[in-house]
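In the block that follows, a single chain appears as structure tokens, in the form predicted on its own.
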């Protein structure tokens, strides 16, 4: 018994450092992803998607959603850096996993892909709601569109969607030409949550209803208010993708040809594979992931960073920003990065210039106000991770012996003084010696 306990202790000592090597800002690669399934047959029916992830270096751990040994943490460390939930009908997760632990997983800065369908349980709906997404309350409802459906199938619940978010960061630089096939449930976005974004939207003619029964009242979700696929980037830069269709990721729709109703264009292959691949690159930080070096500042003509500035000093400021390309860090190039010289409010706001090698720089004069200031760089851009950097620096006034001997603005007064003296001398001379 003692030998067993010693062995367990040794294993834990060796395992703990390995668990500590999870996703980091400096090295967003070689990540371990937990995939939760309703049925293990999804491994084969969605194999193209999973194989794409494996080919990009992800280690997928497939488990049933009701597995009694499910756990996201061990010894206080997370075992996974990403979570894929393809188990829409699961009422309760197995092991120690529940909706709160999924929320904590995202709160820790890790990523999530969640997919639902018409069998979406309250558990799945609750997780989506935590992310600012609200699925249609009618469990029998599906997205129906009599104008933007796939002609090849003829089913008006098989939507041929092409209303994509205009963002090269999220969807890549290569345009998705073919419509994306979607069959599933509609969801709307919480209007008070400004972190969630529609990536794939329904057309204005779409609505959410039960396709097997007649409408007795107007549908609650209609038109472009319906989101088919949404994404969220949390304030801690964790990323979430929520889809109302599990079939969206399936091999069948990946390989299906598509022709949108009313369009003469016919495509041999739908845009699903390209769409899902690009979105998965974004959610797992293979694109749009930024990191910044430390803030560097010094007086003009110097190289050392001072402990304090004086009012009206001329200073230079710089910061290095890099972008993860999926394989290595590359210089980030943009013309909208700004720095604030801040005390209660920004006294200086400058747009940084770039040398196209990742270094952003500017120069400015310290304002004629003394106190404790901060250099602040707060960068938020659609699809990119948020940067929030700051460095505190005090600013002092002039010392008594640092003021100019003769102040230029006082020259008129100096002139008036000497003019008065000269006038008095002339008056005295004339008064005393003139008869």
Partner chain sequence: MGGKQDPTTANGSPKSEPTATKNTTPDLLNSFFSFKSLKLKTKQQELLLRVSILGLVYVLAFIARLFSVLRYESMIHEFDPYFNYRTTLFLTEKGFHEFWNWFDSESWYPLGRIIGGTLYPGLMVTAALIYWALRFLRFFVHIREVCVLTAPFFASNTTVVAYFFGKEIWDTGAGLVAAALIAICPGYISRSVAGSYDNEAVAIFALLLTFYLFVKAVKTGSLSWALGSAFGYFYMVSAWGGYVFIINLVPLYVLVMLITGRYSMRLYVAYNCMYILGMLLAMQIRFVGFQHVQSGEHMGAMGVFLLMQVFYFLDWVKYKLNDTKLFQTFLKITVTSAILVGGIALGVGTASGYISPWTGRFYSLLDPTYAKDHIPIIASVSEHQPTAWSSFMFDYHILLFLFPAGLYFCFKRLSDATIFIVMYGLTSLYFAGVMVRLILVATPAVCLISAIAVSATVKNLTSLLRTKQKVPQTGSTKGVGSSKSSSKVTLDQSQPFQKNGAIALLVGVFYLLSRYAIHCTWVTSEAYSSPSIVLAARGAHGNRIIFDDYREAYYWLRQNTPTDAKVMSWWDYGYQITAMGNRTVIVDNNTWNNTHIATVGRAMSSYEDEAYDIMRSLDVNYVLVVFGGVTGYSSDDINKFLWMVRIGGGVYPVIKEPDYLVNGEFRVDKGASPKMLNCLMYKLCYYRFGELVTEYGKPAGYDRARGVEIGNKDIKLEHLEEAYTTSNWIVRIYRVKPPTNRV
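The structure displayed is predicted, hence computed values, not measured ones. Residue numbers count along the first chain shown, from 1.
Form predicted in complex with the partner chain: not shown, discussed below.
Heavy atom contact within 4.5 Å of the partner chain in the predicted bound form, the stretch among 45-53, 390-398, 406-414, 61-69: Every other range fails; the passing one is 390-398.
Name the residue from 139, 351, 205, 236 that puts a heavy atom within 4.5 Å of the partner chain in the predicted bound form. When the partner chain is considered in the predicted bound form, the option within 4.5 Å is 236.
Candidate from 334, 103, 151, 79 lying within 4.5 Å of the partner chain in the predicted bound form - any heavy atom: Checked against the cut-off, the match is 103.
Is it true that 193, 343 and 372, all three, sit within 4.5 Å of the partner chain in the predicted bound form, judged by heavy atoms? Yes: 193, 343 and 372 each sit within 4.5 Å of the partner chain in the predicted bound form.
Exercise: residue 308 in contact with the partner chain in the predicted bound form, heavy atom 4.5 Å: Residue 308: yes, in contact with the partner chain in the predicted bound form.
4.5 Å heavy atom contact, residue 316 to the partner chain in the predicted bound form: Contact with the partner chain, no.
So, in the predicted bound form, is residue 134 in contact with the partner chain at a 4.5 angstroms heavy atom limit? Because no heavy atom of residue 134 falls inside 4.5 Å of the partner chain in the predicted bound form, the answer is no.
When the contact criterion is heavy atoms within 4.5 Å, does residue 107 count as touching the partner chain in the predicted bound form? Residue-level check for residue 107: yes, a contact with the partner chain.
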